[in-house]
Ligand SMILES: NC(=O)C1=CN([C@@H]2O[C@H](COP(=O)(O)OP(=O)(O)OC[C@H]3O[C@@H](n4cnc5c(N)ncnc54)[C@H](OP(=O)(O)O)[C@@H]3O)[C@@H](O)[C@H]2O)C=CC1
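First, one chain by itself: the form predicted alone, in structure tokens.
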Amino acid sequence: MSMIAAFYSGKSILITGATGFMGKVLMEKLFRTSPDLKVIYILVRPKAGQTTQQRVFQILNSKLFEKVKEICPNVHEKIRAIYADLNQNDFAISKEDMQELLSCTNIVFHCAATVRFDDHLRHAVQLNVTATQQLLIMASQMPKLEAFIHISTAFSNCNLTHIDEVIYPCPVEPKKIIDSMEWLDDAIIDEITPKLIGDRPNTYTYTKALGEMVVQQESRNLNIAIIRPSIVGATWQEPFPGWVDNLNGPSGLIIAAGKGFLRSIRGAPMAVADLIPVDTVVNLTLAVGWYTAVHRPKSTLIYHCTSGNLNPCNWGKMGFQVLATFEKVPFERAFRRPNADFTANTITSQYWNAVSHRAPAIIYDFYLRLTGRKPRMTKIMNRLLKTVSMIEYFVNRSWEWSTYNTEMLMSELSPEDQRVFNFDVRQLNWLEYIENYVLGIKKYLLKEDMAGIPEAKQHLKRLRNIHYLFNTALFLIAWRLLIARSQMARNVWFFIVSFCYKFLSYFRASSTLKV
């Protein structure tokens, strides 16, 4: 019998961010392994004309919850959706709902956050810092609370190369940042943002670091733990391989590459792609919730949920695996290709990258206008290139995260818990995982018919040929303009042409003599 699964039976659990990618997988795992839990409270905001109950109904009717409905047929009765808005004071929760949360909650999993790299600092502070502070104030008023688990990110301290399982201070106190956001106007915030985030790449990593400081300062006598996952990707094993439902992480890039929109990206092939499956993060989260509540550590423990130290996969290999899955090339053949090929194909100058991607988009939009259709490709390409520029920081660097607490926790689990709540990334086979990831994107995210894979391969081949032809034409035009302006370029060109002519003449003469 799993001790962790037994622990959550009969518990009332509050999950923030339950409608997000990780929140859904967390709920699914809880219901599947502990169907006797009492209730899961989820904070939900009506969206796109849907009520809170309609959003819950939509989540439960997804492919992700098929197994849960077999094990726990009354699962819809165990989800208590509470109207809330994390942008408002006290989350705009009604007095009745607030009283129920405060009096009944046993475990809090705080997963809610804005993960947009380019989010405005005011909004990022509100969701990642202020909301965390308000939730901790609520938690301090919960008499039955056993554990508070805060989901941060392994990149909250990405300005460092080696990162330990400790909370690093920020130059400015979180409370001062929170207060300043209330009275500064947007123009001033935009001006001071680069100075505040310093050597961090974006507002997301900065505000997640501030959020960790708030957890430390507002912890009081609560049993708190912090989990820092790296780049969260599709499921590895549970409830089935390859499930994903959003464009975050590498999913958007995989789609862009598969659809032929993205042919190159500036990156270091040998940099570690610190990807972690979402079910691995969820298993660690539930194990940490159990350990924090039962063993009650004397201080706030931080757990790194990363793969780079234990089972590294660099961006070069990952790129080959993605391409191999698209083209159905044997993975062994992809791996035998040298890294120099990857470098030549994917590491380009920013100027050439922009030209080679935007120019075809402009031409295609011109064609759409001629045919009376609305141009859209330039807009898509601009958005894609903006996304690529934001992630270049992460595909050009590698980090080392210590994992002492994570390994300690693994040693504390029984063999049964190590099996049911497996977060040992050393067992992950990257070849199988990336293949399932790509196929999962097609099946669960894009809702594509898997029978259309042969046609998709032909479409990809056509797009690749168009890309090569365009680049060749662009090179010849640039070379022609260079020849027209430079005597040296003309001399080089005439030498090449003369050499090729002599070589062909020699080859023909040799062939004639042999005959």
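Quick caveat: nothing in here was measured; it's all calculated off a predicted structure. For every residue, the number given is its place in the sequence shown, counted from 1.
The form predicted in complex with the named molecule exists for this protein as well; it is not shown, and the discussion that follows is about that form.
By the criterion of a heavy atom within 4.5 Å, H304 is excluded from the residues contacting the named molecule in the predicted bound form. The named molecule is not drawn, but in the predicted bound form it has a heavy atom within 4.5 Å of N246.
The named molecule is not drawn, but in the predicted bound form it has a heavy atom within 4.5 Å of V115. Contact check for C111: a heavy atom falls within 4.5 Å of the named molecule in the predicted bound form. Remark: of stretches 366 to 374, 171 to 179, 246 to 254, 413 to 421, the one touching the named molecule in the predicted bound form is 246 to 254 (heavy atom within 4.5 Å). Not one of L14, T52 and I149 places a heavy atom within 4.5 Å of the named molecule in the predicted bound form. Note on the partner interface in the predicted bound form: the residue among P229, G211, G242, G267 having a heavy atom within 4.5 angstroms of the named molecule is P229. Only one of A293, L86, L431, I79 lies close to the named molecule in the predicted bound form, with a heavy atom inside 4.5 Å, and it is L86. Residues of 1 to 28 lying near the named molecule in the predicted bound form, listed in sequence order, are G17, A18, T19, G20, F21, M22, G23, the criterion being any heavy atom within 4.5 Å.
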